[in-house]
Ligand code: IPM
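There is one chain below, alone, in structure tokens, taken in the form predicted on its own.
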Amino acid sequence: MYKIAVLPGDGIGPEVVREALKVLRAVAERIGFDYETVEYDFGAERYLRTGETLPDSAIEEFKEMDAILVGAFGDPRVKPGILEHGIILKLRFSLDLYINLRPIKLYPGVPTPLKDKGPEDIDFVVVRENTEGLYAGIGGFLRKGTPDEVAIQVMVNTRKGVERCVRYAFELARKRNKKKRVTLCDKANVLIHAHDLWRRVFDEVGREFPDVEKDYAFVDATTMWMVKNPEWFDVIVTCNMFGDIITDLGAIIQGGMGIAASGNIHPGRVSMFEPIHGSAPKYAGKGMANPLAAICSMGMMLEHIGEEKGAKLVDRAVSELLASGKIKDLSAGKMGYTTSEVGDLVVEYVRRVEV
């Protein structure tokens, strides 16, 4: 019996999570496993009502769960950063979710802005360090509000944090068993202290994986090659800030935010899974949002908890649905179906595809 915390959140979050849970029910029925969900109302409405974002007591409850499924957070009535820092970043840091995992996969039938590239060219994973770097929040202001103001934000890189992230990337490349190549994305020619640490650790850990090729690319070059030759990549490992940036580029080349899933992971512990699109409040409640990113995130959740057959079933169902050409556009309001109808289509494929 798996126990799953559900945080639908704001905007389109509740709508896309509803469809992810609909597909989860179908997968559980077909594969044969039991689960229960516990829903939490953290988000803009609760914050506006109580001033509370995410209490420490909830963190303790989450530690007893097998996984956390999230919709989206953000509301124009709430100052930017309050919900993101108070909920998402608090979850990442409190639960030590040190890996942000982003598959960049172009499904059949999905258009990409890259000329002459197809699903065989765009299929790689970004492993982003998730709890250090510039997101550690170390810094401050001097003479704030004056013409002499100074703002400082410190990039934090620890040996432990870098090594466990790099090791995860090498293990993932071996498990994927595709190109078996790990590319370190850094800026070692400028960030000579922080990324010297990344390079030394990358080389040391890489020696333990002689069957996996090591590659290096500065972050500016990485963005170039992701557009020009995405087929070069298998697993990219990078720091928090660079990972944040290049995964949005990855989302676009795989067809858009509507299909972009993610996991915030601590191997062997409760981890959090969420679509990377925002709360898109202008589409909320209209049945226009694309739920596929949330559904794919749920598929990643299944793999994390050990239901690999269920994860493959979700991926196959989404792949065959998109290859069918039924969904003409992944953009909100342009799919040709409502949010709920897309969920129904995925369920239909879950019930009939082979895995």
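What you are looking at is a predicted structure, and each value in this text was computed from that prediction instead of being measured. All residue numbers are counted from 1 along the displayed sequence.
Below, we turn to the form predicted in complex with ligand IPM, even though it does not appear here.
J.: Each of 179, 211 and 232 having a non-hydrogen atom within 4.5 Å of ligand IPM in the predicted complex: is that the case here?
T.: No: no residue has a heavy atom within 4.5 Å of the partner.
J.: Spot the stretch among 224-232, 128-136, 201-209, 148-156 with residues whose non-hydrogen atoms come within 4.5 Å of ligand IPM in the predicted complex.
T.: After filtering at 4.5 Å, what remains is 128-136.
J.: Mark residue 266 yes when one of its heavy atoms lies within 4.5 Å of a heavy atom of ligand IPM in the predicted complex, and no otherwise.
T.: Because no heavy atom of residue 266 falls inside 4.5 Å of ligand IPM in the predicted complex, the answer is no.
J.: Answer with yes or no whether residue 121 is in contact with ligand IPM in the predicted complex, where contact means some heavy atom within 4.5 Å.
T.: So residue 121 does not count as contacting ligand IPM.
J.: Taking 4.5 angstroms as the cut-off for heavy atoms, does residue 92 touch ligand IPM in the predicted complex?
T.: The answer is yes: residue 92 has a heavy atom within 4.5 Å of ligand IPM.
J.: Could you tell me if residue 244 has a non-hydrogen atom within 4.5 Å of ligand IPM in the predicted complex?
T.: Yes.
J.: Report the residue, out of 163, 171, 215, 84, that has at least one non-hydrogen atom within 4.5 angstroms of ligand IPM in the predicted complex.
T.: Contact with ligand IPM in the predicted complex is made by 84 alone.
J.: Just to make sure I understand: among 209-238, which residues lie within 4.5 Å of ligand IPM in the predicted complex, judging by heavy atoms?
T.: Heavy-atom contacts within 4.5 Å come from no residue here.
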